[in-house]
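Just one chain is shown here, as structure tokens, and it is the form predicted alone.
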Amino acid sequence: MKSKAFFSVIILFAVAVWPGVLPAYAQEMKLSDFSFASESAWLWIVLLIVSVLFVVAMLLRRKVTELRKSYQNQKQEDDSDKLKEHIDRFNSQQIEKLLQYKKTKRSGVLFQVSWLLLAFTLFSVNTGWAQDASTTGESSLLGEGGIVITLVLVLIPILAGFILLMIKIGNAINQQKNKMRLEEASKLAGYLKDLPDEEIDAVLKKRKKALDYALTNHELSGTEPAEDSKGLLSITREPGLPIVSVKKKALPRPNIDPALARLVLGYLVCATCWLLFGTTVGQYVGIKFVAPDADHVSWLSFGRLRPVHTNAVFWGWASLAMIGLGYYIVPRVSNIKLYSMRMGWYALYLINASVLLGTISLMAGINNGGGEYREYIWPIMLLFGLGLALTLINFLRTIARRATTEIYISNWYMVSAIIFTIVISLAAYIPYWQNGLGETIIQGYYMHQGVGMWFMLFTLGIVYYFLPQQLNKPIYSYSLGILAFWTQILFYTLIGTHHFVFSAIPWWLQTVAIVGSAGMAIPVIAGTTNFLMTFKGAWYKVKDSYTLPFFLAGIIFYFTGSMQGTAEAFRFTNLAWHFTDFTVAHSHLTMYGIICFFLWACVYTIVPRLTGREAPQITMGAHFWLALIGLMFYSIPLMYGGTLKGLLWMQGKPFMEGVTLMAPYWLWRAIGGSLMWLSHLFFAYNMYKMIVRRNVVDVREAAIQKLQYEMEETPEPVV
């Protein structure tokens, strides 16, 4: 009944106060009007604080009433069972003190102490209440600054009074609980005083002996030194203190063709070199945002270096790493040798030549006229296309000769990605339909298909092979993988023009792109579910692996980054975020957070199996955390600052105000980019440690060889 009355008071208060406030402000109030300088804001704040304090006071009053009632009921209950429960929970020291008390017969001491504490508690209770304060004012004066300041000054002591009231009530509740505990302690002391010696000997002494028992820590190992007379165990006398947690080593993979291993390592080494070069250029470009006058050399201008950075990491790092990993996967899942090693090496030479010549031409000012991600002129991009064509032929010939019945899902993804990339490159570089708006439509088509149907599709195919291998269990659902495959082909090929919402492109084409972007939720959710459910029952393996954290980070970014792209496609968010630094953050969340983390996970998985050597775990950990933290420092400030810039533009503010606004966020961009670039140095060092075989002298082997040499040089004695 009291709870009903309490909520009735709350409802009456709301009915009495809020109807007088809402009609006055709901009709004319806008989101932009809600500021601390407005009359409505201050009124809402005052009413909110008073309401919260009123509710808190009522809740505390109800708590005190319930506590008093429970205390009165507890005094009437039989406490014998509860006292025995206290005895069962005695520790060894408490039992020892009780036994001493029984032995010396010092009766009455515990009662005296208890009553002294109880008396002290009763005399120390302070039941004072804070003064009530109130203020009156006319609503017509709330717009005056002096009245608002006065209300704030009056509200401060009221707030202090309520806080003091809550503190006093809390102290009273705590004192009441202590009083109950002291009375219970008095009853327990009396019960223990009358406890017979037989029960003490039978129960408490036995329990004390059990509590005092401690293991020697040698029950399983014994006290003898570790030895193995048969030589089956490797015994370390002094293991030392590890700096990082020890991870499991990579399991050796037998029957790997040495020629194939050299081909895969060739792709991965070239990819690593392009990663270092491309991100070093990107690091310098990021510094230019903070120090735009760093240089005055045309070859190092922002307009030339930015496409050098993007194309080097796109076509040099990510593409070569993906293709190299694909050359390992296709023969393995087909259970047959690669069709042609020579074609694989030719493809590697062509792609490297394309990126090298493209970098030189871009820095010299020779480009394709500004199309994003297609800045290479067509003769240079033709070399890349020939490399893809050779790779496609090699993959198809290998799959056609497979020794398995079905085609594994990884091959679906990788072969389709190569086919789509050749198609979109032809569409982007053949000039017949690139006049006027056709140029814009083709640009959106090429740019987005390059990300989604080349990098994303190919990388997902790689993950479908390496993730189950690392977890040592099959992929959760083959059907979910096929669903994600076909829905990505259906929806992703439609979304290119969502980069040009509110442009002169036909409205229906923009709407189709937005619908396709929303439909991308299907393959993203299906793929994310498939990967995470594969972890089911194997989450404990993450802490013991240096590759699974990279996979897990890539899966998280796959979901968040892809769904962020869907959110950006809608018209209002497109209006606010397009052409701002928000899109830069989004592109790094996807291309770096998804593609790079997945590729690093797969590289760390396969290289130790090809070479038999692993990188130091501490540098692998440094690579992971620097890349992850750097990406967060890079993307989050740019998303926040880009949002503010977009809102500034929507208000019609000058462009230079947006530049001034972004200055601190560009500093964070440079800091995050520096951490990411530093992580790439660790990655290159790890590749060196995993690949390069160093000639280290084995002291024991050298000593034996020296003895053998001396024995051969010493002539045998003549008998």
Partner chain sequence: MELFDNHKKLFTTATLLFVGLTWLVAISPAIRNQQNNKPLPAWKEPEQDVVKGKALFIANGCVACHTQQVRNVEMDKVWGSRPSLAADYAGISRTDFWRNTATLMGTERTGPDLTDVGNRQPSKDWNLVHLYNPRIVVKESVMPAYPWLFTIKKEPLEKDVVVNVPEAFLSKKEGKVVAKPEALYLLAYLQSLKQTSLPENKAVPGFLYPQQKKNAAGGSPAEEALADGQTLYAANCQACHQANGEGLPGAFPPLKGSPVVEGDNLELYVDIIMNGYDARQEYGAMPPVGTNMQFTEKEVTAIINYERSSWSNGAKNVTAEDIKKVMDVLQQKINTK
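Nothing here was measured: the structure is a model prediction, and the numbers come from that model. Positions refer to the first chain, counted from 1.
If you look for the form predicted in complex with the partner chain, you will not find it shown, but the lines that follow are about it.
Contact between G369 and the partner chain in the model of the complex at 4.5 Å, heavy atoms? Within the cut-off, so yes.
Should G438 be counted as a contact of the partner chain in the model of the complex, where contact means heavy atoms within 4.5 Å? G438: yes, in contact with the partner chain in the model of the complex.
I'd like to know whether P616 contacts the partner chain in the model of the complex, with contact meaning heavy atoms within 4.5 angstroms. P616: no contact with the partner chain in the model of the complex.
Heavy atom to heavy atom, is G190 within 4.5 Å of the partner chain in the model of the complex? Although the partner chain is absent here, G190 would stay clear of it in the model of the complex, with no heavy atoms inside 4.5 Å.
Which one of R262, K541, K179, R402 is close to the partner chain in the model of the complex, taking close to mean a heavy atom within 4.5 Å? Exactly one residue meets the criterion: R402.
The unique member of H218, K209, H296, R342 whose heavy atoms fall within 4.5 Å of the partner chain in the model of the complex: For this set of options, the contacting one is H296.
For the three residues L382, I556 and Q564, which mark the spot I'm curious about, does each lie within 4.5 Å of the partner chain in the model of the complex through at least one heavy atom? No.
Counting any heavy atom within 4.5 Å as contact, can you tell me which stretch out of 625-633, 429-437, 169-177, 383-391 lines the partner chain in the model of the complex? Heavy-atom contact with the partner occurs in 429-437.
Any residue of 264-283 with a heavy atom within 4.5 Å of the partner chain in the model of the complex counts; write them all down in order. Heavy-atom contacts to the partner chain in the model of the complex: nothing from 264-283.
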